[in-house]
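Presented below, as structure tokens, is a lone chain in the form predicted alone.
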């Protein structure tokens, strides 16, 4: 094991990891917002918009992420739409993960018993009060695990963006290998970093899910 190669590559790998975290944070926020809008539209919008969104979801869910990246990076410039590599990265991850997020949100909301919606109407709660006091406290614990699973997938898939020269973690790893000629050491370091990052996310999700469902365990013991 060439430890010196790892030490020499740490600064560039650190910059790559910082770029990956920034890119993934932006893509996660955008995909959560777009996914929430899609879920609301799929439940409330007119049939035309619902069919349009279903067609978009079906097409996206059937495509590999790599094809979406190639379409944005290589095909759009032929129609005079040229996007920078980081924008392609955020847009590709957003378009790809938003339909999955929409399905998670819609399934959690539709799982609420109809009696609760009727009780909200009887009590005269506004839409905002229904969302804040009834819907989110019950659906967030259900949505948290699948959403975090999708975010972990998003982080892992961000490595594909190195193909279109997005200077993220995997791109930095390739550069480090070309300088140190130590692929085993560099790729093991990369694997360890991805594992630590995703394990931390998983632990945080379990922690928050445990805290958000305390009231249920309290009711069961009464």
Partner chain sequence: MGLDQQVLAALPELGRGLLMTLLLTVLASLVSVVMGQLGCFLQLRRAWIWRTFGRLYVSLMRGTPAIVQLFVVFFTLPKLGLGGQPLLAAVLAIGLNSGAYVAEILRVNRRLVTHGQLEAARTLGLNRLLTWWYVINPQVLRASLPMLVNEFTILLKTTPLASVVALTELTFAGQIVIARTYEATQVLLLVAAGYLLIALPLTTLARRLEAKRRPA
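Keep in mind that this is a model prediction, so the values were computed, not measured. Numbering follows the first chain given and starts at 1.
The form predicted together with its partner chain is left out here; the points below concern that form.
Exactly one listed residue, out of 188, 45, 52, 33, brings a non-hydrogen atom to within 4.5 Å of its partner chain in the model of the complex: 188. Under a 4.5 angstroms non-hydrogen atom cutoff, its partner chain in the model of the complex has residue 75 among its neighbouring residues. Interface residue remark: residue 167 is not counted as part of the site for its partner chain in the model of the complex, having no heavy atom within 4.5 Å.
Mapping the unseen interface onto this chain, residue 198 counts among the residues with a heavy atom inside 4.5 Å of its partner chain in the model of the complex. Among residues of the shown chain, residue 178 is not one whose heavy atoms approach its partner chain to within 4.5 Å in the model of the complex. Of the residues in 158 to 194, those that come within 4.5 Å of its partner chain in the model of the complex through at least one heavy atom are, in sequence order, 159, 160, 163, 170, 174, 183, 184, 187, 188, 190, 191, 194.
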